[in-house]
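First comes one chain, alone, set out as structure tokens in the form predicted alone.
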Amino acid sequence: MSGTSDQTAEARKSDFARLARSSVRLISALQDESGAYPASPTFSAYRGYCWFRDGSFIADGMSSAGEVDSASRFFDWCSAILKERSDSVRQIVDRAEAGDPVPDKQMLPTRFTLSGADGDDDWWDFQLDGYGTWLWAVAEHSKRHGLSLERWRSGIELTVQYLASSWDRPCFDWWEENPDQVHVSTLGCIAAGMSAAADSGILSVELSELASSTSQRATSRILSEGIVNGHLAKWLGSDQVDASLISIMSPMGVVSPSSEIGHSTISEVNSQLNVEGGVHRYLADTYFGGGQWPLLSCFLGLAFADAHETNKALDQLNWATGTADSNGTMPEQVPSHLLDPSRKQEWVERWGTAANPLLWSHAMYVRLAVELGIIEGKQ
């Protein structure tokens, strides 16, 4: 009986490896000449755009799989965008220091066209998390592959100044919602990025100290105002959880998954939002009816892996595998366990069926597969 069980496990891992490798090929094939990763090449609301947040996690997945050039070209894209907007960054910083911060609409956007231009349609654009995430991801890429950060120095410096000036401003969250709140996952992304920048060795002493102090302040605010009933909260003052909170534990490490807070948060997300391996964003989600997201299942899998719960991590990877269609493409979300089915059709009528493929889903699958040793890579 055990022999049959072992054969089944090996067959599963072979399937996992096959999808992980095809995911790397898909991301590579769809990466734009500019270095940008299109969020989804076919979905009407995402087509032609790249997010700093999504793209940075995609680059981290590709970097972990050994796709050094692909990740580096994305970071080139990020740095170029920031250098082109250096005057805007300086105005934002100067106004913040003068006690007269610019309006939200004048802050840097969260997404850009593949060529690096601002979008020409209305969007929920003021989000700070992506700028912290790119700092963290480029520093991880540098450490993982022994690369100099010099080619990205200007972009890193501008980002540090931008985030230091505005880190505690309310803004839209990962999901382009709740702009009047300070979100714990956003603070965590900023803390991770600024800590990575401070430790990178690429900054002047002054900027390194600024990055370090900002990271410490963001972390302190999380620990003093962002915890309820022992777990991280969706935003400061909320009593809810959000699956995005997992990211600031795994892979970002702002809160250790094995700490009391980390363990409690993982447990709360798992019990509230995880249904048979498929993870919801948050309980009140109505976007496309509030489905389960493969990328969030993989984030939770990373947390289980970090907590040395390998079987639980493999269960998350297994569920995510089942979301791939016959062409091997993975969606943004699946409708098998909707939180509010009555709200699905309004989104279908607005934008069409849910995004597929979503490159972020593929990248998180790759990242978890590397973490679990399913495919070779560099963690």
Ligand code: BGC
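All of these numbers come straight from a predicted model, not from anything done at the bench. One rule holds for the numbers: they count along the sequence shown, beginning at 1.
The form predicted together with this ligand is left out here; the points below concern that form.
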Checking His141, Lys234, His231, Arg281 against this ligand in the model of the complex, the residue with a non-hydrogen atom inside 4.5 angstroms turns out to be Arg281
Answer key, this ligand contact in the model of the complex at 4.5 Å (heavy atoms) among Asp168, Glu176, Glu225, Asp76: the residue is Glu176
My question is simply whether Leu314 lines the interface with this ligand in the model of the complex - judged by any non-hydrogen atom within 4.5 Å. no
Q.
Residue-level question: is Glu67 within 4.5 Å of this ligand in the model of the complex, judged on heavy atoms?
A. no
Contact of Trp360 with this ligand in the model of the complex (heavy atom, 4.5 Å)
yes
- Message: Although the partner isn't part of this model, could you tell me whether Ala324 comes within 4.5 Å of this ligand in the model of the complex, counting any heavy atom of the residue?
- Response: no
Which of 336 to 344, 53 to 61, 22 to 30, 314 to 322 lies within 4.5 Å of this ligand in the model of the complex, heavy atoms considered? The stretch 53 to 61
Problem - Non-hydrogen atom within 4.5 angstroms of this ligand in the model of the complex for each of Phe16, Phe299 and Phe304 - result: no
When this ligand is considered in the model of the complex, the residues of 55 to 76 having a heavy atom within 4.5 Å of it are none
